[in-house]
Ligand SMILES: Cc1cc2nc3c(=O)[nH]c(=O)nc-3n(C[C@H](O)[C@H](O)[C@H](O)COP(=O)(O)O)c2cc1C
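Heads up, the chain below is alone and in the form predicted on its own; it's given as structure tokens.
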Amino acid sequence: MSAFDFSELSPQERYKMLCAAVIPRPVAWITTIDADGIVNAAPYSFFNVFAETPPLVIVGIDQRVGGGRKDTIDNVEAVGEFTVNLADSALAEKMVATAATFPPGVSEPSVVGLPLEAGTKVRVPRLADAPISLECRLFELKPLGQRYLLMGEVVALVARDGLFDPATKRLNVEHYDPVARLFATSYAKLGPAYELPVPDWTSLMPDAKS
């Protein structure tokens, strides 16, 4: 076994190893608007769902190369709303294109060619081709070292027809092809889903009494 003392590693080395170890990760493709209504889109893979009451998503957002806050942070702080779009494999190339270092005031969806749809509960539009979008209101924005911790309360989920069963609210996995982030410039597709139920603990201990 190899052990790495993180106190002896540089921030870049820690980032490199953590990103390679914790895979695959979902990607939060966040749309925001600035004070002039210009739509920004940017992907972040330090992201996951956190709770259901309140329904929270959390995203770690780093600074610009060379320092300074990213447009996502400025826009969320000013407007108080954002949308997390989840990309499928068909959108992966355009998603990565929006990670380019565009100057402030440039709309990535417009440049890359991503149609927009109005939000159902927020002013921020969603990416029309995204299979799933989570409309969020700002819950908390917390500076954390070189990153910001962005917490959003999900107020609506918008999904492509056929993805969620209206009655059971269950996802039809076979109709979903999400992008999985690995590390550096590497991404992956998910393999076939399989069922693995949690066993009754008594079946693992034959002499146990429930």
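Everything quoted here is computed from the prediction, not taken from an experiment. In case it trips you up, residue 1 is the first one in the sequence shown, and so on.
There is another form of this protein, the form predicted together with the named molecule, and it is not shown here; the text below is about that form.
Only one of 71, 81, 88, 129 lies close to the named molecule in the model of the complex, with a heavy atom inside 4.5 Å, and it is 71. Taking the partner from the other structure, the named molecule in the model of the complex has no heavy atom within 4.5 Å of any heavy atom of residue 178. Interface membership of residue 165, defined by any non-hydrogen atom within 4.5 Å of the named molecule in the model of the complex, is ruled out. Using a 4.5 angstroms threshold between heavy atoms, residue 42 counts as touching the named molecule in the model of the complex. Although the partner is absent here, residue 108 sits close enough that one of its heavy atoms falls within 4.5 Å of the named molecule in the model of the complex. The stretch among 153 to 161, 167 to 175, 57 to 65, 137 to 145 whose residues place heavy atoms within 4.5 Å of the named molecule in the model of the complex is 57 to 65.
Although the named molecule is not shown here, in the model of the complex the stretch 99 to 134 places heavy atoms of 99, 100, 101, 108 within 4.5 Å of it, in sequence order.
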